[in-house]
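Included below are structure tokens for two forms of one protein chain, each presented in isolation as structure 1 and structure 2.
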Structure 1
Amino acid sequence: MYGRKGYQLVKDFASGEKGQLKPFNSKLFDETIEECRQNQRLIQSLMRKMEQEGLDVQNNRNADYYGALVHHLSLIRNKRCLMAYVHNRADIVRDLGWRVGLELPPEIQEKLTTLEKEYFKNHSAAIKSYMGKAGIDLNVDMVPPKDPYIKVRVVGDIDEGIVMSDKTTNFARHSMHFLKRTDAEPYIARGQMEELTG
């Protein structure tokens, strides 16, 4: 009651590690919606009571009015929490396209709802289409590099025979390569390669 479930939902989001996405909390989400329904039922019963007493619901300011007001405010509060939850998760999902690339690793996928995955797919398609039309890859480092090539070590499992912009190579684990920055960036972002310096 009185915005409690909405608060718990938002707290659940905020309690995750900074920058990490938690799995969608359907249970709390549904409980918040149910709490809204309880508020609504009480608003309706209080307004019905006022109508039965022949009072003008819009302008009369008696105890029933203020009771209905409290429930109305609580319902709006819960609604705001629900929207904040979905909105903030959507922000992260959009950001994923830039940070992790256009293919999501499974450990992230399992934290998203079907709708969120759909949203990510459509957003990635829009990014791809835009970059195609602009003729430029926007997903590379903004800082001009001193050297177009960097040294990397493969730390994850990468499929064989990947085609880089200037060669085809097999990326065995622990092997080291001298690659173009732009080719290596997405693999580093996904944790499959690490940059070697010095």
Structure 2
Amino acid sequence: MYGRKGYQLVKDFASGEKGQLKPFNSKLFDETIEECRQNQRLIQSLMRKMEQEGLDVQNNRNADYYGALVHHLSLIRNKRCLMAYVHNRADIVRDLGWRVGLELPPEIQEKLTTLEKEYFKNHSAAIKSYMGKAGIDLNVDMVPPKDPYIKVRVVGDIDEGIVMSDKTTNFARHSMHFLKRTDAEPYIARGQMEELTG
């Protein structure tokens, strides 16, 4: 009562590692909503009691008025805690699209609710649509590269005759190439190429 459940919910979220999701705490979330309902019922009963006694609810400042005020403030606090919990989880879900890609691994998916999975799917679809219309891949590199070309070595099996953005290339195992970063990134991410530095 008096906003304790909302506080526990936010504290549960804050106890996790920054930027990492814990499984959705539906038990505590539902308890917070139930506490909000209890506060609402108590506010209504105190207001009805004041009206039945013929007291002016707007101007009279008795114990029932202050009791209703305390329950109202508790209700607002719990609502804010619920919104903070959902908003912060949504921020992390949205950021996952940039950190792990537009497809979530199963160990992350099991921590999400059905609505959060739907939110991630819609967010990813919007990003894919934008990238398709703009003709750029926003997931390639979050830090701008110093040089648009990089030197790579082929370490995995890659099909022959791959068409890069400006030429057709044969990628024999252990061969080295000087490629556009945007062309090489997908192969580096799959472990078929490695970037050579120095």
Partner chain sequence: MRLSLACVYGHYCLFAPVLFHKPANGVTIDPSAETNYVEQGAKVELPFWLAHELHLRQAVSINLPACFDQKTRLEIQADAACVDLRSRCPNFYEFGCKLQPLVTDRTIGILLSTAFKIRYKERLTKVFTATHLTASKFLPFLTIEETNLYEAAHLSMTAFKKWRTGGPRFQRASILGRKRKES
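Here, rigid core means the biggest group of C-alpha atoms that superpose within 1.5 Å across both forms. The structure displayed is predicted, hence computed values, not measured ones. Numbers follow structure 1, counted from its first residue as 1.
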{"property": "Either 1 or 2, the form predicted alone", "result": "2"}
{"property": "Exceeds or equals 2 Å, Cα of A189 between the two structures, core fit", "result": "yes"}
{"property": "Core fit, then A14 C-alpha moves 2 Å or more between the two structures", "result": "no"}
{"property": "Core-aligned C-alpha movement of S175 between the two structures, 2 Å or more", "result": "yes"}
